[in-house]
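There is one chain below, alone, in structure tokens, taken in the form predicted alone.
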Amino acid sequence: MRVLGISTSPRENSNSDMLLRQVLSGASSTGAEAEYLRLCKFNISPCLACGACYATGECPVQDDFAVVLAKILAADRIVFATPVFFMSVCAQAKILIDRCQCLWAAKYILKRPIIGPREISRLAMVIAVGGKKGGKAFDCIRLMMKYYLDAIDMGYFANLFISNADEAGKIADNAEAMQEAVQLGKELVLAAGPATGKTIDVELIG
């Protein structure tokens, strides 16, 4: 079982990053192979909307996206962590999501499988942390990730949404959030079968 954790926050030791590490710790405790990826370490350009992927199913832009994409396609589980910026994902996360348009094109335009047969169902969870107290900050993220995860052939398994946690490192004081992250990491790995279409939703005040 290969679990890939993608930290998209531009801030070192951010709240979403700390929760991601907890999820990966929970996943590792079950015997899974967990890999942590900090997106800011990779040079990934925005989508150019050139349309080339509609004919080939591949992105022609030459940068580190190919490296990250290979990891995404190889993973059995993905944990996608982002801070909330203006009621959505951060810019770094959005760039990665947009560049995966090539997978959408391969799947829905060219009718081509993007991964080979797997014995293990591919599942993903999303971590999002925002400074606003209300839960509406996650509405856009929930919808965006639904369609993004479909494009990369990942079942949408769970959300861990934390509000009122803007200050860097504040989440470390929230024992409930940290414990929930570990538990969700375990559940993500141990889940059997494909996603049911109904996600596990954990929303907490930071």
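Numbers for residues come from their place in the sequence shown, where the first is 1. This structure is a prediction, so every number in the text was calculated from the model and none was measured.
One more form of this protein, predicted in complex with a small molecule, exists but is not displayed; see below.
Colleague: Want to guess which of 165-173, 41-49, 61-69, 27-35 is within 4.5 Å of the small molecule in the model of the complex, heavy atoms only?
Modeller: Within 4.5 Å of the partner lies stretch 165-173.
Colleague: Quick one: from Ile115, Ile95, Leu110, Met87, grab the residue that has a heavy atom within 4.5 Å of the small molecule in the model of the complex.
Modeller: Exactly one residue meets the criterion: Met87.
Colleague: With the partner left out here, check for me: in the model of the complex, does some heavy atom of Val79 sit within 4.5 Å of the small molecule?
Modeller: Val79: no, not in contact with the small molecule in the model of the complex.
Colleague: Could you confirm whether Arg11 comes within 4.5 Å of the small molecule in the model of the complex, counting heavy atoms only?
Modeller: Because a heavy atom of Arg11 falls inside 4.5 Å of the small molecule in the model of the complex, the answer is yes.
Colleague: Using the partner position in the model of the complex, report whether Met125 sits within 4.5 Å of the small molecule, counting heavy atoms only.
Modeller: Contact check for Met125: no, nothing within 4.5 Å of the small molecule in the model of the complex.
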